[in-house]
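Before any questions on binding or motion, here is one chain by itself as C-alpha cells, the form predicted alone.
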Amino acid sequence: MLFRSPIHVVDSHTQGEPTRVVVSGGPDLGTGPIEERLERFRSEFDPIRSGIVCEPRGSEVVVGALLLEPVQSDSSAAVIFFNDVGYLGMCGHGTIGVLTTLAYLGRMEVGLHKIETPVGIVRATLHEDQSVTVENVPSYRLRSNVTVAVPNYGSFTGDIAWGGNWFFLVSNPPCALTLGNRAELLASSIAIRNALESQGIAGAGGASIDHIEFFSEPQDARNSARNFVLCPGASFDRSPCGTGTSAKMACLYDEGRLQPGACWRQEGILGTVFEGSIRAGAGGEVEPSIRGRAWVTAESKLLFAEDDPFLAGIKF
C-alpha cells in the first residue's frame, strides 16, 4: 500500500486560494535534489498526490504542498507543489501558505527564509503583520504579440512569459472579469490552452503553456489591473496568482511600462490584491517580489482505507 494513513495536513487560503500543506505521513521521496524527488513523486507515488487534493478529500481548486527536508543547510524548508492534475514548478500563493502554516505550527519565525522548490530557491519574508513577501524565481517574457486562432472564439493575441510556470497573457478577454462570467471565462481560456497546444505554440524548450491569464482594468481604482487565471486542469485561481503576477510584471518591464521598485497592485477575480515589484536581472529577466496574506483554516488528518474505491481520489 502506497498510503501511510493518516496524513497530517494544514489548510489555509491565500487571498481566497486554498493551500493544503502535507506536514507528515506523505510519501518517502528519499534525499537528493528537489527536482529529482519531484520525478520520484510523479513516477512512484502519484496516487498519493490525487488522493490528497482530489475529491472526496479535496477539490479541483486545492493546491497541495509537500514539505521536504531541504538540501542546503541554510534553507528553512523545501516543498513540492501539486494540484488535481499534476505538479507545479512554483506557486506564489502556495509559498505564502507554506510560511503561514509553518508559523502556525511554531516552526518558523518572523524574518527572511530560503525555500527550495523544483525550479530553484525562493526567498520569502514573514513579516510582523503575518503577511509574506515572496521573492520569486527570475521571470521573463519569451515572445510578445503571439496570435492564436481559437475554434468558436476567433483569434486572441497575447504574450508568452515565465513566472515560475508558463503563461499566455491576454489583454482582450472575451467578457468582463467577474465571478458571474466564470463559466465563459473558464470555457474560453481552456479553448485557448487547447489551441496553443494543437498549434505547437509553447514555452522555452517546447514546454507546455498550462496557465492562461486574462487582464482588464481593475474594479478598484487603487489597483493596477484585474486578472483571471486558468490553472492546470479546469479550475481558476481565486487569488491574484503569484507566478502570474510575476509573468505580467516581466512583460511590463520588457515594454518599459514598469520600472524597478515601482509597486504593481494585482487585483484577482475575487477583488483581493497582491502587491508586486521587480528588480532588474540579467539578460532581460526580472527578479519579482509578491506580497500577500494567508489564513489557516483547518488542521486535520486524511484517512485512507485500503478498500476505499476512491483511495486515490476521484479523477474527472
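The numbering used is simple: start at 1 and walk along the sequence shown. The model shown is predicted, which means the values in this text are computed figures rather than measured ones.
What comes next is about the form predicted in complex with ligand PYC, which is not displayed.
For the chain seen here without its partner, which of 90-98, 172-180, 185-193, 150-158 has a heavy atom within 4.5 Å of ligand PYC in the predicted complex?
In the other structure, the partner sits against 90-98.
Please run the contact check for residue 241 against ligand PYC in the predicted complex: heavy atoms, 4.5 angstroms, yes or no?
Judged by the heavy-atom cut-off of 4.5 Å, residue 241 is in contact with ligand PYC in the predicted complex.
Should residue 211 be classed as touching ligand PYC in the predicted complex when contacts are defined as heavy atoms within 4.5 Å?
Yes, residue 211 is a contact residue.
Would you classify residue 231 as touching ligand PYC in the predicted complex, given a 4.5 Å non-hydrogen atom cut-off?
Heavy-atom contact with ligand PYC at 4.5 Å: present for residue 231.
Hey, which residues along 9-43 are within 4.5 angstroms of ligand PYC in the predicted complex, non-hydrogen atoms only?
Counting only heavy atoms within 4.5 Å of ligand PYC in the predicted complex, the single contacting residue of 9-43 is 17.
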